[in-house]
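So this first bit is one chain, no partners, the form predicted alone, shown in structure tokens.
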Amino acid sequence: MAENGEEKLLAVARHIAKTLGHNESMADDILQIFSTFDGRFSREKLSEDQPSEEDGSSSGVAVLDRALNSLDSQISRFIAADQPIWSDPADSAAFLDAIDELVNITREWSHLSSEKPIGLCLSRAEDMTQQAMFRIEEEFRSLMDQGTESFPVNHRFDSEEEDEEDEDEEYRNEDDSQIPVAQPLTDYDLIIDALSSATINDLHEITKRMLAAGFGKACSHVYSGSRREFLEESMSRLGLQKLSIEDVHKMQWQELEDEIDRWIKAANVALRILFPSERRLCDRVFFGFSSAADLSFMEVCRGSTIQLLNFADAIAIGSRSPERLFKVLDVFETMRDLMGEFESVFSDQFCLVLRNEAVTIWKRLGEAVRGIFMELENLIRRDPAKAAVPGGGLHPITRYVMNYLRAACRSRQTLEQVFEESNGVPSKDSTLLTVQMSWIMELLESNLEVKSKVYKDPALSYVFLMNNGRYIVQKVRDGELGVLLGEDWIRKHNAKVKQYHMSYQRSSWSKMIGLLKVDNAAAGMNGLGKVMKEKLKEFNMQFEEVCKAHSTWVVFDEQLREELRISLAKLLLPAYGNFIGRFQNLGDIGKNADRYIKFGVEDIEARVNELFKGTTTARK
């Protein structure tokens, strides 16, 4: 090799002299100057070995051929080695030097490739380069695998401790080829170094040679294949299954709820820990080759990213059943909160498709949320008005809708965002979410109005409306729903409940109160006793019937029930007390008043206090 180096050096000296010397005399002077600096540049060697114009080409081919022979001997030894080259730092350094020299020679002589002898030598050099790349690719793969094998494998990303001992035992019994997964932490602000710094440096040196030799795609393929396997195993350890959109749609809802919880955990770990860690590793291995780094990173993360996005998309285009709202909101919020990570981690040109797809699916989830509210509207419209609720109590649709809306409004800010992104136009004083909630309330009230017509007794229909109206106001007033709908809405609906109250009293008790009024002039003094006796008899009968019926009716709200009783007592007791007082003072009839007075004032009050307790069925 030293002999070959000297020949190359002499050839270079001759080339310089020939290039700079404008005539034979100047060339000789230049050669003379060289000979004074180094004995190897003696005039004898330079003049004796200097080729003529005719044989210059053949001499160049000889130099190139000797250089290739030397490199072939070195590279072949490494290619044929049974042990990994990188197990010995000296061997790995020598192998890289040989590859560097081979690549440089190929580059230096490439401009003469049109000359047949040199072209043949360059073709041989390309074959040697390819063989060297095959071996260095194996070394690259081996380093990737060794790096991951040294990483801790006995930890899981999740915090569940179930079967932990069994799983640890299972890990210990597995062979060395097991793909490891990084140790979990609840703090997402961290980067995992999956490979040691020494391994990363070795990989970087190999990467430089493979890219310089034109084998960048092969290098990227090996790298991405190894890291992709690591990522996929990590996602599996997080509990995320590989599910198609059809698989997701076929799952039972309870099973799907659990899968969504696992997806949320996996998405956060992937976007905040795994993918940034892979980005950092990729940038270090492919340092100085940004395009190759971007392509390799995309290939590493694409499969896992698509797995995450496909699941979110399956949720977005799935059933719009109202009970799915809250889990769909969870997925929407997760995608929203991770948009910054999607933007930063997938910022290069190769990942643009993944980034855009994430935004599209996030918006599609918003459409799904709005679609679920439309389905809730349809559910209210379709709810039949067939069977009456016993005792005029709370209708199931009222309970369902109001509890549903209260729960939904715990995510008010998210819902505001979802509806603001629709194409609707908010009113001057209301957000689109307020408009949506007001519309649902209006549909519910209209539905209840229709249902109230099922009752044959108008008084009971008012009790029904009173119960449901009071429940609605309470649910609105005590939560975020009240913030949305506002105080004016609450005041108006409180007034509605009071109107139902008054309508109930008029329909049930007005006629009875009328019986307690006596027109002295119309009855005349002689007929007054008879009239009052008849009125008292009618009152007793009606009061008995009303109390019997209304005691089976239900007013679920204790305060409302007390308000009704107080109101009825104020209406009945003074009028009834005055009536029986006058009746008792009517001469002979008054002396026998006890024969006609069935209820004392205290009895009336006691019976009123027994109203609206309801039957067992009505109270449910």
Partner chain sequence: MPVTDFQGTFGRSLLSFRRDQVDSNTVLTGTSPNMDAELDSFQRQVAERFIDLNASSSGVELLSLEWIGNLLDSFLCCQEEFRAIVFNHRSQISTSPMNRLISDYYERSIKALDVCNAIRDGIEQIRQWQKLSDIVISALDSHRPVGEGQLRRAKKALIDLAIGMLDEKDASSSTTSLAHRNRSFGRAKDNHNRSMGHFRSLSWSVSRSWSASKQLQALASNLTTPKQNDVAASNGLALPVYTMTSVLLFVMWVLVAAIPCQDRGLQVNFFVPRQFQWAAPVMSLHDKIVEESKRRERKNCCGLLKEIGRIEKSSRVMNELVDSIHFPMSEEKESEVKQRVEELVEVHEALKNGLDPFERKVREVFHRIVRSRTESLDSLC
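Positions refer to the first chain, counted from 1. So that the term is clear: the rigid core is the largest set of C-alpha atoms that superpose within 1.5 Å between two forms. Everything numeric here is computed off the predicted structure, so don't read it as measured data.
Note that the form predicted together with the partner chain isn't included here; everything after this is about it.
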{"item": "Contact stretch among 532-540, 229-237, 486-494, 452-460 - heavy atom within 4.5 Å of the partner chain in the predicted complex", "value": "229-237"}
{"item": "In the predicted complex, Arg410 touching the partner chain (heavy atom, 4.5 Å)", "value": "no"}
{"item": "4.5 angstroms heavy atom contact with the partner chain in the predicted complex for Asn447", "value": "no"}
{"item": "4.5 Å heavy atom contact, Asn268 and the partner chain in the predicted complex", "value": "no"}
{"item": "Close approach of Arg364 to the partner chain in the predicted complex, 4.5 Å, heavy atom", "value": "yes"}
{"item": "Sole residue of Asp348, Glu416, Asp72, Asp145 within 4.5 Å of the partner chain in the predicted complex, by heavy atom", "value": "Asp145"}
{"item": "Heavy atom within 4.5 Å of the partner chain in the predicted complex - the one residue of Ile245, Ala385, Ile397, Ile105 that qualifies", "value": "Ile245"}
{"item": "The partner chain in the predicted complex - contacting residues of 198-236, heavy atom within 4.5 Å", "value": "Gly214, Phe215, Lys217, Ala218, His221, Gly225, Ser226, Arg228, Glu229, Glu232"}
{"item": "Flag for Asp72, CA shift 2 Å or larger between this form and the one not shown after aligning core", "value": "yes"}
{"item": "Rigid core superposition, Val473 Cα moves 2 angstroms or more between this form and the one not shown", "value": "no"}
{"item": "Did Leu102 shift 2 Å or more between this form and the one not shown, C-alpha, core superposed", "value": "yes"}
